[in-house]
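Given as structure tokens, the chain that follows is alone and in the form predicted on its own.
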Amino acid sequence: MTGFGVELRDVSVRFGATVALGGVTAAFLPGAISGLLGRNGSGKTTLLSTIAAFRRPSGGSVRVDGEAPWENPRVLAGIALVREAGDVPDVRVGEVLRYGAAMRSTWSGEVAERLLARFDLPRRKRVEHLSRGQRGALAAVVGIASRAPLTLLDEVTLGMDAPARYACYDELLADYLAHPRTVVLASHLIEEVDRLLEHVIVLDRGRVLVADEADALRARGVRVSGEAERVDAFVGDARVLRRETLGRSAVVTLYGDLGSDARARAREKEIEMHPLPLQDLFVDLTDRPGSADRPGGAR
């Protein structure tokens, strides 16, 4: 199993006069772990809900494994959307696992039981009596153990403490490597999930701001520093995401291809160049002043 691919073409979702998604065209590659990144209110949850056929798009087309998911039993059987709150009935934890096994042919009881023990989740406790972190952990158990061809994880780790979050990432990656499928991670904790991501889509105000391979995106973000006039001469026509000055010095964040000779030119002008962490790049790309209109612009 390599997983279900997702193709979105000009997808829009409206709630009355509010446009939650406006013309989203993107793809989630089959058999890859992709990151769906965006600030609060950017449309991540709406997009995942539309892919999973929890709601119909107002316009455009959604294809999962080549077919529209809406009222499509074959496709829906292969999609698992798990959200932070858990989306599980108010029953005992052990019953949640039994429901999962009954509903999904790909379910791994062994994985579910092992993760239940690793997250120290009480089998006989009702879901409504779990802490927020425990509910997130239970959601992660369901998402990983389902082994669905398309697994959509919407901020499931937000309520967990750091050890539980890192355990979740380790377990997800290990099971994905053993049983490849398509995984989409929507998360604000970009620094933590960075190492998992093969592909990244950044949403901003309901539109796609960036969609690219994670390594390519990381390579296009760079921070340069040095004497201000030298830095400005080096930057030239490159896209500037952020510029800060301190006396005669400047620090500039750039986005784009600076050319193969960039480091040699930087050394010549006595300018320092540093790679930009994905989280820092995300923050600068989605900075509110004009961020919906460009992937980076001087400010």
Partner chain sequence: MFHGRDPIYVQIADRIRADVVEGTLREGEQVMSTNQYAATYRINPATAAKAFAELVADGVLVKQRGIGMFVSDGARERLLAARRARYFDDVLAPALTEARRIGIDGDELVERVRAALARDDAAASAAPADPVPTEPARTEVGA
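A quick note: this is a predicted structure, and the numbers were derived from the prediction, not measured. Positions refer to the first chain, counted from 1. Rigid core (definition): largest C-alpha set, two forms, superposition within 1.5 Å.
There is another form of the same protein, the form predicted together with the partner chain; it is not shown, and what comes next is about it.
The stretch in contact with the partner chain in the predicted complex, judged by heavy atoms within 4.5 Å, is 167-175, chosen from 104-112, 167-175, 135-143, 73-81.
By the 4.5 Å heavy atom rule, the three marked residues 5, 65 and 208 all fail to count as contacting the partner chain in the predicted complex. The contact residue chosen from 129, 123, 195, 98 relative to the partner chain in the predicted complex is 195, the criterion being a non-hydrogen atom within 4.5 angstroms. The partner is absent here, but in the predicted complex a heavy atom of 270, alone among 257, 232, 261, 270, sits within 4.5 Å of the partner chain. Taking the partner from elsewhere, residue 227 is found to have every heavy atom lying beyond 4.5 Å of the partner chain in the predicted complex.
The partner chain is not shown here, and in the predicted complex it never comes within 4.5 Å of any heavy atom of residue 22.
At the 4.5 Å threshold, heavy atoms of residue 33 reach the partner chain in the predicted complex. The partner chain in the predicted complex is approached by residue 215, whose closest heavy atom lies within 4.5 angstroms of it. Contacts between 257-278 and the partner chain, taken as any heavy atom within 4.5 Å in the predicted complex, involve 267, 270, 275, 276, 277. Remark: with the core as the superposition reference, the CA shift of residue 230 between this form and the one not shown reaches 2 Å or more.
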